[in-house]
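Take a look at this one chain, the form predicted alone, written out in structure tokens.
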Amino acid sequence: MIPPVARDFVAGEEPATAFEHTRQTNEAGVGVILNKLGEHYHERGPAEEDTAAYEQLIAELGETDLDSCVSVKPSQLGIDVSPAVFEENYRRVVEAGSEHGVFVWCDMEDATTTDTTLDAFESVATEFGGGVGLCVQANLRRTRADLERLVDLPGKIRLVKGAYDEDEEIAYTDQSAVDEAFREDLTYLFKNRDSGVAVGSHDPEMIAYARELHERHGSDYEIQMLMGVREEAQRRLAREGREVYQYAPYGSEWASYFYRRVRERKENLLFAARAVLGV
């Protein structure tokens, strides 16, 4: 049983509850990115089980009229087992998405997985075209070079600030430096892509900056935020005509996800406290 405080951040334990959450969210004009919880598998069996679960989820989603897609984590599909296992399972999910008309996002995890994730995404994007998207993290010093590699590929690119604690040698650790890198990377994307830009941020300044870039360069874009975080802002932006998607995790492993979100950053603790206190 998911307690009320976590229920604000997790769309239930089963696909049926996740679909119902999606329907309700769609009514407010907001799309939903569904993520089945699970990660850091070190054996092939659990990774293949979740791969099969995604294939089933996609097949069921393809039979609905929901404005929804899915997002997978590399460590959920076996990147900690081997790059080959991850790419094999990732390709299975993308093939299912292609068959059923469901877009497939791939999250980015800690920096030790970046190269393998980029390689796999480049392979499937080249083969399957625009039905896939990849997350990149502005806090990594390498991200501009990665964007130059990705910018001409089909599909979408989601830019986030980054939630993993990385060494200062490879990442910006000062928040102002991360913010500046985010602005620079976002500017590069808007200048070099006509569409397929996703702004993964709850920061009003970054969302406003994306609008400025859109007005300046004309590139189509979408805004992505987490379930349970600034949901009124999500609905308001949708009412203003912006394309908004909510990242909504679901599944039995909700506890580890919820407490990790709280631990990762101080603002997540504040969100949780507000949910508990009702403020």
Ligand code: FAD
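None of these values were measured; they are calculated from a predicted model. Note that residue numbering begins at 1 and tracks the sequence as displayed.
Here the subject shifts to the form predicted together with the named molecule, a form of this protein not shown in this document.
Though the partner is left out of this view, S201 does reach within 4.5 Å of the named molecule in the predicted bound form, counting heavy atoms only. When the named molecule is considered in the predicted bound form, A163 lines it closely, a heavy atom lying within 4.5 Å. The shortest heavy atom separation between Y247 and the named molecule in the predicted bound form is within 4.5 Å. Interface residue remark: A120 is not counted as part of the site for the named molecule in the predicted bound form, having no heavy atom within 4.5 Å. The stretch from 187-195, 92-100, 147-155, 106-114 that comes within 4.5 Å of the named molecule in the predicted bound form, counting heavy atoms only, is 106-114. Of the residues given (L66, V229, L37, L213), V229 alone sits with a heavy atom within 4.5 Å of the named molecule in the predicted bound form. Interface residue among L237, V70, M225, A53 relative to the named molecule in the predicted bound form, by the heavy atom within 4.5 Å criterion: M225.
In the predicted bound form, the named molecule lies within 4.5 angstroms of a heavy atom of only one residue of 169-190, namely Q175.
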